[in-house]
Ligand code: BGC
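Take a look at this single chain in structure tokens; it is the form predicted on its own.
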């Protein structure tokens, strides 16, 4: 494409069927002529080991010789660091194979590929370049003639099979036997099933409709169908931002969508936390505490992988200290919240007995050790809340309230387990060292952990001393194109009443039944204008949309909703190149379902409290509750 002339170029993703398509008309520099080229590719949703590419070439101006090359390329890197060691490779006239291993952990990936075509007058030739084996095919096209080439690729890892290369070759042969059309139809059927359960219909707003479907598509392609040892990183699998690490983004922003629509996938992602609990135990021990403390940034083992230093974005010769891995501790309670939510929605008692309750109890043990006794109760000092503009603060309202909630649920769950599986609770108590004194202490902490909520005004102070900080002179920054932290500096933002994202507002949404209308109104009116909505965190706008709906302000909610909707489709923050904003995508669904539709689960069923923007005509979606599927269809009269 860097030679000749390109015309009629289009590239698009079909969200309904999960196919990426590209077409173009290419005219050569010489006298070869014009060609129409179309490309179609998909990673099968029906078979996670299979990927397919179809290329069609048509010669528009007389006969021409056409050559197509296809390969398996191991020469990839992770931000400049080579990723693979070559184990083996091979190529024949139609089939090619590649086996590589990760450089550190020596996990093996094997890929096998074959080219098939609809023409018989084609010559094939293997190409065995080191680390990049391939196949070259040639044919002669008459004027108006065309041909189609399909590249089928099967891949397995050493976690999938004892012999990944043999497994990939076996899968590939079966795929070749089935052929492109069958593979494509199976893939489309899998997507049809997903959309039948998960689609959201918005009438009256094409941009919002596209945004939510794009968001749900991105979440689905990042979720493993059958692997309990992986979760979804903050940038999904779409970019190198945050190096694929898993944050609270998954449990608080992404997971509710799966919990309510694809509970088996939600269970997989929660099992990731169970399978990495050894890392959480090591983090607690390394910090001098008992129990389990989950990492702020987690990878395969669950150990803390947050970088302590990163280059200064203004002066790359300097470095900035990153404190989140040390003191942004609320993620441990966030994971407990996600587990509880999954149980309430699904009624999966088996999971709760064997996984959920043990996690919630062992992490509660950490909180019992982490809190600090003070004269009038307990405190949590030197932390970072969701609002990362402020660090090393004491008694962050979100953190303390979530810890209080966590300890209350731990006591409740321990009693539930005692009633339903006494033999399990006896073994768990023995393993974790839980006694009657432990439960008494948890109740005491939950009752007396500091929480700055003024009952007269309803205001909740974000952390000790927040109200004493000076306000930002917002009028000076009306035309800004950067975050307030970038303009004020890290310490400047830390010393002002400016928020990166929802903090107290986030708390109100997650624990919405615990706060009265006065508290909602007072905190919205106080914190909303002090939040860096446009250039702060992408996590904030969807939550503010939900919160505005709770206050019956749907048109204000819509403005926040569209900030989240445009994060990726319009690259509103200029950082979509780092990868998809997974939390924003999941937050869009919550804003629609919990916010605009007002969905709440009751003990026996559910209720909705619609509050649609004035121009929306319809909001429709489905969700699962205790194994039953429910339809919500809200139409403006």
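Here the structure is a predicted model, which means the values were calculated and not measured. Positions refer to the first chain, counted from 1.
The same protein has a further form, the form predicted together with ligand BGC, not shown here; the description that follows concerns it.
From the list 463-471, 371-379, 125-133, 536-544, the contact stretch for ligand BGC in the predicted complex under a 4.5 Å heavy atom rule is 536-544. Taking a 4.5 Å heavy atom cutoff to ligand BGC in the predicted complex, the contact residue among 261, 400, 501, 114 is 501.
Residue-level contacts in the predicted complex: of 527, 247, 257, 342, one residue has a heavy atom within 4.5 Å of ligand BGC, and it is 247. Not displayed here, ligand BGC is kept clear of residue 520 by more than 4.5 Å at the level of heavy atoms in the predicted complex. Of the heavy atoms in residue 558, none are within 4.5 Å of ligand BGC in the predicted complex. Looking at residue 234, you'd find a heavy atom of it within 4.5 angstroms of ligand BGC in the predicted complex. Looking at residue 388, you'd find a heavy atom of it within 4.5 angstroms of ligand BGC in the predicted complex. Residue 296 is the sole member of 290-322 found to place a heavy atom within 4.5 Å of ligand BGC in the predicted complex.
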